[in-house]
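There is one chain below, alone, in structure tokens, taken in the form predicted on its own.
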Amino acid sequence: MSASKISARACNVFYGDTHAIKGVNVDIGSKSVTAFIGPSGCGKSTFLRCLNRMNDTIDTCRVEGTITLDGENIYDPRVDPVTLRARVGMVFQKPNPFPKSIFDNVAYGPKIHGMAKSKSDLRDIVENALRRAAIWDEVKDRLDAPGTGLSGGQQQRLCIARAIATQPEVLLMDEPCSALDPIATFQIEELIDDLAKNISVVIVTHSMQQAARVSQKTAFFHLGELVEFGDTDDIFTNPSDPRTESYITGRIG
């Protein structure tokens, strides 16, 4: 595994007076899949949203500590959050296609960021993103149809295509399969595997089986703390903290 893509040091998150994330230190490798697991409300999604400054949109939220992307502090005042989110894309729990055509959903980011010099450029970017998201063959004949008309699994793959159209270096996924059936889940997991050949993927999941299937590294969160972080195989077969073991064996959760 190559050097860290993202590093967090002494990361604390507050919502008003509530201390939601407590002193998290973690290094996320490049071209790999890192899973965040833990009970509901343990802070894993809150921490995930720190990695592309999504928490900036919440008035009461305050983030302390340092988070770096390729060694650069993403909370430096000179960093533009919009540009950052092109580099660190995000896919949410519930598929949320824009009320636009399939084509325009994917073209939106590249247009904003001036990535296409011509219409044919833009078409190539859209096709490439839809191919990488393994949905091109299903939608290529109806790119003008609304994205909202697709099935749940297709909508989620469309949202993944939209996220990767800006060629991010990191893709954050917040329980991307929780609203999907097993077949759609399998397609997304295959896709994660494929994407991780080129980018870093960080996935929050409630499913320990999913974490075991897709990730190389796993972080276990509990009550706002990062309890344990290491190779996925070790976390699941030989955890070093009794809280991790209790969660994995179903005693807490």
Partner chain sequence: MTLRSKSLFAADPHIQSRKRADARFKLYGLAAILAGLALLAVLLGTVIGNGLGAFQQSYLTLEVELLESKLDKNGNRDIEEIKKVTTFGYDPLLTAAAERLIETQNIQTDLRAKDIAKLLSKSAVSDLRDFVVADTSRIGRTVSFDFLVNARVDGYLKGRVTRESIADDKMISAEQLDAVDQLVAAGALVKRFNLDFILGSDASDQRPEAAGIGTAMLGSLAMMLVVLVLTLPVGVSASIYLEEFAPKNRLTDLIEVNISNLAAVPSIVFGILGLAVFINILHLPMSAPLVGGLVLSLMTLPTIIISSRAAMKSVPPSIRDAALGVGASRMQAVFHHVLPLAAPGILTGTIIGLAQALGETAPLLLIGMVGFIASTTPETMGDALLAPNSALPAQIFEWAKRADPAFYERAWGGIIVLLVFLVAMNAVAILLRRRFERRW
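Residue numbers count along the first chain shown, from 1. Between two forms, the rigid core is the largest collection of C-alphas that superpose within 1.5 Å. This structure is a prediction, so every number in the text was calculated from the model and none was measured.
The form predicted together with its partner chain is left out here; the points below concern that form.
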Note: its partner chain not shown here; in the model of the complex, the stretch from 71-79, 138-146, 172-180, 118-126 having heavy atoms within 4.5 Å of it is 138-146
Heavy atom of residue 99 within 4.5 Å of its partner chain in the model of the complex | yes
Contact flag, residue 89 vs its partner chain in the model of the complex, heavy atom cut 4.5 Å = yes
Does its partner chain get within 4.5 angstroms of any non-hydrogen atom of residue 217 in the model of the complex?
-> no
Might residue 54 be said to contact its partner chain in the model of the complex, defining contact as any heavy atom within 4.5 Å?
-> yes
Between 173-189 and its partner chain in the model of the complex, list the residues on our side with a heavy atom within 4.5 Å.
-> none
Do you see a C-alpha shift of 2 Å or more at residue 113 between this form and the one not shown, with the core held fixed?
-> yes
Is_shifted residue 82 between this form and the one not shown (CA, 2 Å cut-off, rigid core) = no
